[in-house]
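Quick heads-up: it's one chain on its own, the form predicted alone, in structure tokens.
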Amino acid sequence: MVVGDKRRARLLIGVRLALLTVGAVVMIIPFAYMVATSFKQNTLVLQLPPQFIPHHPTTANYHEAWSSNQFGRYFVNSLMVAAATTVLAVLLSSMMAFAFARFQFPGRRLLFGLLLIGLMVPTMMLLIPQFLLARDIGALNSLWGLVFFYTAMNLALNTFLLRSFFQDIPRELEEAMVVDGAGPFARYRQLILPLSRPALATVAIFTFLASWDEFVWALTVINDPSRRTLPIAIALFQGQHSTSWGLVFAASLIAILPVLGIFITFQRQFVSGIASGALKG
């Protein structure tokens, strides 16, 4: 029986590894082809069979993508909007989560329930009300308007995730600080935030990705070409260079770089946050 159990366990492990390997290959091949194509000349992009290692690689696509159609300006616009949104959304949602996790006040459950209901509403249903609100407060066609609405869009999910993490922090630590005369803000700043770095890194990554990749709202409210963000630029860029796939893929890879940088920077905290329950309900 022991030998049979060991064989069965090894077989299951082998099947899992095989499935994971197939899944990894399926995920990697399109990305690898995009990278290879970005280093090819336009005349070699659609050659068959496809080559994942170009014979004569060139960086001309990257130079042309960055210098044409104000791509550099759009990149900077997206970077500023995503960075500002991440800072504001993480700061405000952590304060809200701390209040929901530690304080008792009238309407606490009702407010948190409304927050959860907001997560269930499809984004497209809010497009017209948000546009009317943006028009009334003068947030149309401006980068600060994007930051304002992107921050609001991410508050509910971030608060939901952080509240769960904050509730697991032992209350005894706060009680010890209360004895020493620490107020709510001091406990939040000196205790909750340092102990919640994995969770904060997790929501920071989610927020940055959401604001960096957002397309529909930016397309709706931005009319000035100088204030366009990168997703709009890539969409227009692809339309203008529909046959220059090397150019389009080079632009897409440039857009991926900040995302990779954010994930690499917070990778350890992100994995730690998942392992310690930052994403649990």
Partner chain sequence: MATIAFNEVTKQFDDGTIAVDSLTLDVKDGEFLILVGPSGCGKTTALRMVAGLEEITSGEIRIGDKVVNDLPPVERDIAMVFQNYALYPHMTVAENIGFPLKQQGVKKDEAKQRVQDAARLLSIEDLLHRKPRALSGGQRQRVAIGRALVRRPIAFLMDEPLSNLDAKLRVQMRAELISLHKRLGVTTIFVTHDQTEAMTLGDRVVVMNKGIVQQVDTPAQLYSHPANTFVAGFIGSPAMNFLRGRLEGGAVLVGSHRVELPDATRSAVSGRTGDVVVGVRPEDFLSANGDGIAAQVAFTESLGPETLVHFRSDALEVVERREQVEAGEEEQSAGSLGELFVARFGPTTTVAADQQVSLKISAERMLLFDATSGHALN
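Positions refer to the first chain, counted from 1. These figures come from a predicted structure and were not determined experimentally.
The form predicted in complex with its partner chain exists for this protein as well; it is not shown, and the discussion that follows is about that form.
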Legend entry - in the predicted bound form, the one of Leu92, Leu126, Val76, Leu191 near its partner chain [non-hydrogen atom within 4.5 angstroms]: Leu191
Inset, instruction - May I ask you to choose, among Met80, Val87, Leu115, Ala176, the residue with a heavy atom within 4.5 Å of its partner chain in the predicted bound form? - result: Ala176
Legend entry - Residue contact check: Gly181 to its partner chain in the predicted bound form, 4.5 Å heavy atom: yes
Legend entry - Touches its partner chain in the predicted bound form: Leu195 (any heavy atom, 4.5 Å): yes
Legend entry - Ala186: touches its partner chain in the predicted bound form, heavy atom cutoff 4.5 angstroms: yes
Inset, instruction - Would you please decide whether Glu172 lies within 4.5 angstroms of its partner chain in the predicted bound form, comparing each non-hydrogen atom pair? - result: yes
